[in-house]
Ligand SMILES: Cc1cc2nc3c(=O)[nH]c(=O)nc-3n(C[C@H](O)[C@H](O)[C@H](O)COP(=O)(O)OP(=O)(O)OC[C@H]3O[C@@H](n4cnc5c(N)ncnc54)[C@H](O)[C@@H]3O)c2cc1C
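One chain follows as structure tokens, the form predicted on its own.
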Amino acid sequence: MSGISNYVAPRSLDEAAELLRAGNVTLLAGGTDLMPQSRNGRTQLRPTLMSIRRVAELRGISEAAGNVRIGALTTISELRDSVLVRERLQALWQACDRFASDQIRNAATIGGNICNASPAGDTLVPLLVLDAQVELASKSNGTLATRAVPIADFLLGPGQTARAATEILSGIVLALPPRHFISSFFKFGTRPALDISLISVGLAARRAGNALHDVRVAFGAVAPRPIRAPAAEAALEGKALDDGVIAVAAAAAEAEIHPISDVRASDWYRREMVRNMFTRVLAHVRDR
């Protein structure tokens, strides 16, 4: 915690955005990523540490005008306990159900998970297939303003996002899925929840009989950032899920990813897992 000379805890988004304009501020939400990273030297804390945990405007899950809005401070446990998320945003609920441990879920926030921008971030793949947008709030000329950015454009690389230094991620907005919409999330690691993903798979589509429409496919931990897979989406669009279509889509997915070899898994192993696990996800959708 060296280098911190000032601690502030605003109670409103307007106040937080005003304090952020002064510069040299580190934002603290749940702290489950920030604190370990500051201790191991991956993140340098700025002179002012600003806790936004008292800002009520950044909390909660709401539905209005066909959209779902999730406040950035909503915890993983709150998402996991939400009936709306479980029934309508199944892929996101599955990711939260497999997220770390109870202690971490109770503290970790969805906004923090997004801004950490890990290629293996558990909520990022579901948000990609759910076509989510992030809200960014900032203060300019005395006025609080927000802008919306598709999450696919917000994630730039490992630890890198499109958030400006004077902006706070205030919420996540996504369209409430239509009827006959299915979504699914799968992560593979040594353990179901407590491990960082070796790979993760997300699928969302509108189902008509055995065919999928408006298909969205995404993968995590196989590129510098979580990615959509347009070739795999095209291979599935409008087609009935038979063994041949599934095989073509899985081969397309394997060709689209760009995994690395590291201490957790090799490039080859991650490619094999994407092909095999994506095949399993599609077969499960077909058979249920």
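Each residue number is its position in the shown sequence, starting from 1. Computed from a predicted model, the values in this text were never measured in an experiment.
One more form of this protein, predicted in complex with this ligand, exists but is not displayed; see below.
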Quick one: from Ala204, Ala108, Leu155, Val85, grab the residue that has a heavy atom within 4.5 Å of this ligand in the predicted complex.
-> Ala108
Checked Asn116, Ser77, Ser184, Gln133 for heavy atoms within 4.5 Å of this ligand in the predicted complex; positive is Asn116
In the predicted complex, do Leu34, Ala100 and Asp195 all reach within 4.5 Å of this ligand through at least one heavy atom apiece?
-> yes
Classify Val55 as contacting or not contacting this ligand in the predicted complex by the rule of any non-hydrogen atom within 4.5 angstroms, answering yes or no.
-> no
Does any heavy atom of Ile151 come within 4.5 Å of a heavy atom of this ligand in the predicted complex?
-> no
May I ask you to state whether Ile104 is within 4.5 Å of this ligand in the predicted complex, using heavy atom distances?
-> yes
Is there any non-hydrogen atom of Leu92 lying within 4.5 Å of this ligand in the predicted complex?
-> no
Of these, 176-184, 163-171, 143-151, 208-216, which stretch puts a heavy atom within 4.5 angstroms of this ligand in the predicted complex?
-> 163-171
Residues in 58-81 that come within 4.5 Å of this ligand in the predicted complex by at least one heavy atom, in order, are Ala72
